[in-house]
Ligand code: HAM
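Single chain ahead, by itself, as structure tokens, in the form predicted on its own.
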Amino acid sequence: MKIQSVKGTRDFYPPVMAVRNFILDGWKSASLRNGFEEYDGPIFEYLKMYQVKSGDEIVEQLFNFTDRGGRHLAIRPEITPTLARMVNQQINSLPRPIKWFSIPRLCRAERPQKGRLREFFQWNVDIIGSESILADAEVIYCTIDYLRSLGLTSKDIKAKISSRKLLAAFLLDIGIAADSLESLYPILDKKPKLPEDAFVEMLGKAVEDDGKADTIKKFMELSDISEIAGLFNPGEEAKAALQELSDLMDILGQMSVGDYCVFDPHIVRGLAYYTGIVFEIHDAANSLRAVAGGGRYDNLLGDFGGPKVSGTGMGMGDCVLEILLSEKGLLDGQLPTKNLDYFIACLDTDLQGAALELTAALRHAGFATDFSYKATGLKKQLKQASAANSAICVIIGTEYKEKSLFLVKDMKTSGQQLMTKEQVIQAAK
């Protein structure tokens, strides 16, 4: 019986693993150089924890089960609830602001499609305990900093930035009822994904006043922050949100990533817990799903039984990112390959003991060293050394046995010299 891998998952053969390591190592490096500390949590949590954040409908999107103790559990589809739980447990002892990152393996029971699998890795960065717009700027900057380090320019990607606080104030100022906002956000969030007539129809059903619906439509089509004030008479909340958004853009400009950033009111982020700045990173051609997204959340810790502490964060999955990097040719030449410091070529089975001793000594000294399991011809073993990108090949043959010498060959220059075991090890150091 031939067993296939589960649909929506991946087998990480060495070439695929090289891509994974390249992405995940880059995430970690970017996090550390931007001052974040790493954390992680369990791969499964109580099911109710995800229901608190996303409602009962989330159950259908999870891999959930009941354990032998009758507890309802779920494999984590995201790590933000775990973050909230962990911070709440030690909220009084953690120095603020809390700047944490994580690179969890996540699972979602979704229909696999381009850029979305059932199992994936996600980079999360969060700053908790600061209400300053500088924290939002830090999260956005860290995201762009990583993508820029890969070779992606402002012509390749854009950070589309908006504000849930501004959107809420705008809707209230034009007369939309406060209890209608939560049901309206998901509709506005779908605008870029829908044909124009379909969006207008959905908006018309949610907002029956044609004048208000038309004003909302115009708001969603703006491309410059300066145009907002001319659309309606902003109240104090809207003015504060506009100033915050303007300040954020100025800060990002000062941090040298302003050319990557644009105002885009289409960015709503469907999840209800966003309360302030929201953003998504998209490829410039808008041919892929969002590469990353996030924003400010002021109520998340409180929803999980903790105090009302403000936070802001971002999540980036590896699937869409890999597609984008591949399309841009940015994986070519950047992926880690197998590289040996030494390859030990043994030409006589009687000399295998000496080969093993030298191999172990070089490995103990910290050098990547490998050897052939068979005493085949020199040409074949040199080919093995070359395939492993070995810098040096040490050849052990009967003609050198009596003098206890090894022939040391530089694989790049083809230069070679005879050395004792001690000289080989000393030269390696």
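All residue numbers refer to positions in the sequence shown, first residue = 1. What you see is a predicted model; the values in this text were computed from it and never measured.
Beyond the structure shown, there is the form predicted together with the named molecule, which is absent from this document and is the topic of what follows.
- Taken together, the three residues Phe36, Ala84 and Tyr141 lack any non-hydrogen atom within 4.5 angstroms of the named molecule in the predicted complex.
- Stretch 112-120 is the answer when you ask which of 335-343, 233-241, 112-120, 176-184 has residues with heavy atoms within 4.5 Å of the named molecule in the predicted complex.
- Only one of Phe219, Phe199, Tyr273, Phe101 lies close to the named molecule in the predicted complex, with a heavy atom inside 4.5 Å, and it is Tyr273.
- Screening Leu188, Ala292, Ile277, Leu147 for any heavy atom within 4.5 Å of the named molecule in the predicted complex leaves a single hit, Ala292.
- Using a 4.5 angstroms limit between non-hydrogen atoms, Thr80 touches the named molecule in the predicted complex.
- Not displayed here, the named molecule is approached by Tyr297 to within 4.5 Å at the level of heavy atoms in the predicted complex.
- For the chain shown alone, Leu245 is not a contact residue for the named molecule in the predicted complex, no non-hydrogen atom being within 4.5 angstroms.
- The closest non-hydrogen atom of Lys158 lies beyond 4.5 Å of the named molecule in the predicted complex.
- Using a 4.5 Å cut-off on any heavy atom, none of the residues of 2-16 reaches the named molecule in the predicted complex.
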